[in-house]
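A lone chain, given as structure tokens: the form predicted alone.
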Amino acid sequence: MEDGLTAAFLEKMWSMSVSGESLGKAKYGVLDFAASAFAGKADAGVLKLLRAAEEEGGRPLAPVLFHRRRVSREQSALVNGFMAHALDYDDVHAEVRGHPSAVILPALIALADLGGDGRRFLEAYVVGVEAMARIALALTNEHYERGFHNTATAGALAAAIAGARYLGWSPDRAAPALGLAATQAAGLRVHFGTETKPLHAGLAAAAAVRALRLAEAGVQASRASLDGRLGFFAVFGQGEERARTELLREDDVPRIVRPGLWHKLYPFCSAAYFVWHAAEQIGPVPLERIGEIEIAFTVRSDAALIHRRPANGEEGRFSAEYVAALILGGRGLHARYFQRVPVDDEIRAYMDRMRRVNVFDEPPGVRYTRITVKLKDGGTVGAVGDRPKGSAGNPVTEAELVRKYDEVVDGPQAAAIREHILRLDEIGDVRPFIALLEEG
């Protein structure tokens, strides 16, 4: 394989050894993915995609999770990616600034009919998370803040790498597939709060599967898609040299371990978890006592929270104001408040008293949200959210992930699926496990 950034990065990912600790983190990542997908299985968008798949047809090679049906590999990746991300209940990764599992695992599941053992499946997942974090860091925060959705852009490349690793391809063989994935990478944050946001996860997973299939068929593509002035990082980021540092960095601990996957206990954007952490320390405050509410974010850490006055709970998943209003208004964070239901007048009245500010004088890497409630009697109450549940400083425990799974997933195969996931590294053939996921 020729010299260059693409070749060096693929060699880096293929030389990565996967520790027992990484495999353990991966198993709980799969468990959380299964819970998130089950929670989204009846989402209206999933049903729309199933109708489209039925109309399109194709060889039934890969499952639609929990729906007892098979579709083509690309359709499977598309629907399952959407399903896992439908409620924004799936994991995120701080360095990815996006959702790794909802892209990588649907791509791997779509390829599982080709065979392979559970350890290889988990190793490919670990490598995919590593690749996605490195790609996102190489793109820099500017990529996200310009309006791209890293789940879609970095995700397509990472899922193709994970898929090639799972299939046992060499780095040299994977290079054209990476190029084919890179040329399909797309996704705009303007769609947050609509069905197109979770569609990004499905589109990226499907793009990865399509890239692998086309590469297998011999479709020509650049073998150096990350390199030079026309390469991925020159077009989407800040150039090859800036990217090289992050892609080829020497790290002792895989990123699935540190900082690790951020698992969620509530179905809304992780950027709003800092709001939740601050607001819950304040607690309910009667509206009639409030003069103004200030929500301060470090730098542009509220970039994902694009809805300042959401019209419904689905948009509210991406609204600092909505999450703060639910808590300050004494409603709590019930899942029903994050469905496509109109925002009522009382919650809107709380939001109308809020304003956002950004703090730019903190050292790099410092992140928090500060809420200050200015009362009509001249007093103030406030709190800082800097260690929300799920973040690296306050992670969700394995026991809490099992509880989330058990509370969300039901049906005759729920226990069997859980047990298969927790010993996935011991399974000699993943296909019976995938069949369990299909049946639910």
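Values in this document were obtained by computation on a predicted structure and should not be read as measured data. Don't overthink the numbering: it's just position in the shown sequence, from 1. Rigid core (definition): largest C-alpha set, two forms, superposition within 1.5 Å.
The same protein has a further form, the form predicted together with a further copy of the same chain, not shown here; the description that follows concerns it.
Contact with a further copy of the same chain in the predicted bound form, judged by any heavy atom within 4.5 Å, is made by just one of Arg289, Arg146, His334, Arg173: Arg146. Shown without its partner, this chain lists Asn312, Ser222, Thr140, Thr298 as candidates; in the predicted bound form, only Ser222 has a non-hydrogen atom within 4.5 angstroms of a further copy of the same chain. When contacts are judged by a 4.5 Å heavy atom cut-off, Leu61 counts as touching a further copy of the same chain in the predicted bound form. Interface residue remark: Glu55 is counted as part of the site for a further copy of the same chain in the predicted bound form, having a heavy atom within 4.5 Å.
When contacts are judged by a 4.5 Å heavy atom cut-off, Ala186 counts as touching a further copy of the same chain in the predicted bound form. Although the partner is absent from this view, Glu74 contacts a further copy of the same chain in the predicted bound form, with a non-hydrogen atom inside 4.5 angstroms.
Site residues Ser391, Asp429 and Arg431 are none of them in contact with a further copy of the same chain in the predicted bound form, judged by any heavy atom within 4.5 Å. Heavy atoms within 4.5 Å of a further copy of the same chain in the predicted bound form are found in exactly one of 393-401, 370-378, 409-417, 66-74, that being 66-74. In sequence order, Gly179, Leu180, Ala182, Thr183, Gln184, Ala185, Ala186, Gly187, Leu188, Arg189, Val190, His191, Thr194, Glu195, Thr196, Leu199, His200, Leu203 are the residues of 177-205 having a heavy atom within 4.5 Å of a further copy of the same chain in the predicted bound form; the partner itself is omitted from this view.
After superposition on the rigid core, the Cα atom of Arg249 is displaced by less than 2 Å between the shown form and the other one. With the core held fixed, His307 shows a CA shift of 2 Å or greater between the shown form and the other one.
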